[in-house]
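Take a look at this one chain, the form predicted on its own, written out in structure tokens.
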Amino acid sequence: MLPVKIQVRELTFHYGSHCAIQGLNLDIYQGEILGLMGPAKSGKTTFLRVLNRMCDLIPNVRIQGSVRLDDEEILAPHYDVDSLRRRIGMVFAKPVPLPRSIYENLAFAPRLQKKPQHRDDLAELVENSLKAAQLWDEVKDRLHDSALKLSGGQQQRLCLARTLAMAPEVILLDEPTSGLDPISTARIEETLTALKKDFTIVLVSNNTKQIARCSDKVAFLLMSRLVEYGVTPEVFMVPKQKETDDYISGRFG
């Protein structure tokens, strides 16, 4: 049995008077992809923001419950948020490469943190991160070109490589293929499948077929509540809840 990487207990989150997550209990396992699915306003993106404390940047919010990363309470007031965001990286729906070269997009943050110390080590880090994101072969001869010249799918894999360069333990992805063509989407999905042996991954997607293809376990959220959670093939083939079956079948959402 794989170890639990993140344990969520009775998590409730409010934006002002609006409850975005209510009483969530969930285990996220090391070396697996957890797929989060559900219609808009179900709490999926809010949950990602809680996991790396981006919710701290939002005014007038209230949070209750527990989120433990390797048995450390990350919602504790004294928890080092900068350290947390290095351990839990995030890739957003719209790729936002820095207006710099491909190389500098990956080297910028590690250089700021003064690791690695040597130029050769930094070059190796860039190469390894691009290889992990399955982008190296496409850009190895133009590392000093602007990242803005890359296609949308390449930019998204660059943003994933940039996250990998920080050596996180967990990767959060919020609709990472929402604006991409089928070929680029397939490359991202292949990359995620290859990465899960070294990382814990949480994937939010409105594409139920993508969740079925990529995830090991799936959580279905509806109106801020967890409706169903389980092994992906079981949830898709024999859902326990009618709402899950209706959503997967396209009756709503």
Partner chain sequence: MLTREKLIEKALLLLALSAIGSLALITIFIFLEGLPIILKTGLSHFIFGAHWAPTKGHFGILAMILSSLYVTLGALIFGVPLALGCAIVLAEFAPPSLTRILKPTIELLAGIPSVVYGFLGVILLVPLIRTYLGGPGLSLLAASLILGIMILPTVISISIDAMHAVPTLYREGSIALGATQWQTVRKLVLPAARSGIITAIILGMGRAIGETMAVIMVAGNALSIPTSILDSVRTLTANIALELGYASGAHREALFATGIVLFIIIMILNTAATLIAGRR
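Source: prediction; values computed, not measured. Residue numbers count along the first chain shown, from 1.
One more form of this protein, predicted together with the partner chain, exists but is not displayed; see below.
Stretch 96-104 is the answer when you ask which of 136-144, 177-185, 119-127, 96-104 has residues with heavy atoms within 4.5 Å of the partner chain in the predicted complex. By the 4.5 Å heavy atom rule, the three marked residues 173, 248 and 251 all fail to count as contacting the partner chain in the predicted complex. Here is the short version: of 166, 132, 150, 75, the single residue with a heavy atom within 4.5 Å of the partner chain in the predicted complex is 166. Mapping the unseen interface onto this chain, residue 63 falls outside it, with no heavy atom inside 4.5 Å of the partner chain in the predicted complex. Using a 4.5 Å cutoff between non-hydrogen atoms, residue 71 does not count as a contact of the partner chain in the predicted complex. For residue 57, a non-hydrogen atom is located within 4.5 Å of the partner chain in the predicted complex, even though that partner is not displayed.
Under a 4.5 angstroms non-hydrogen atom cutoff, the partner chain in the predicted complex has residue 49 among its neighbouring residues.
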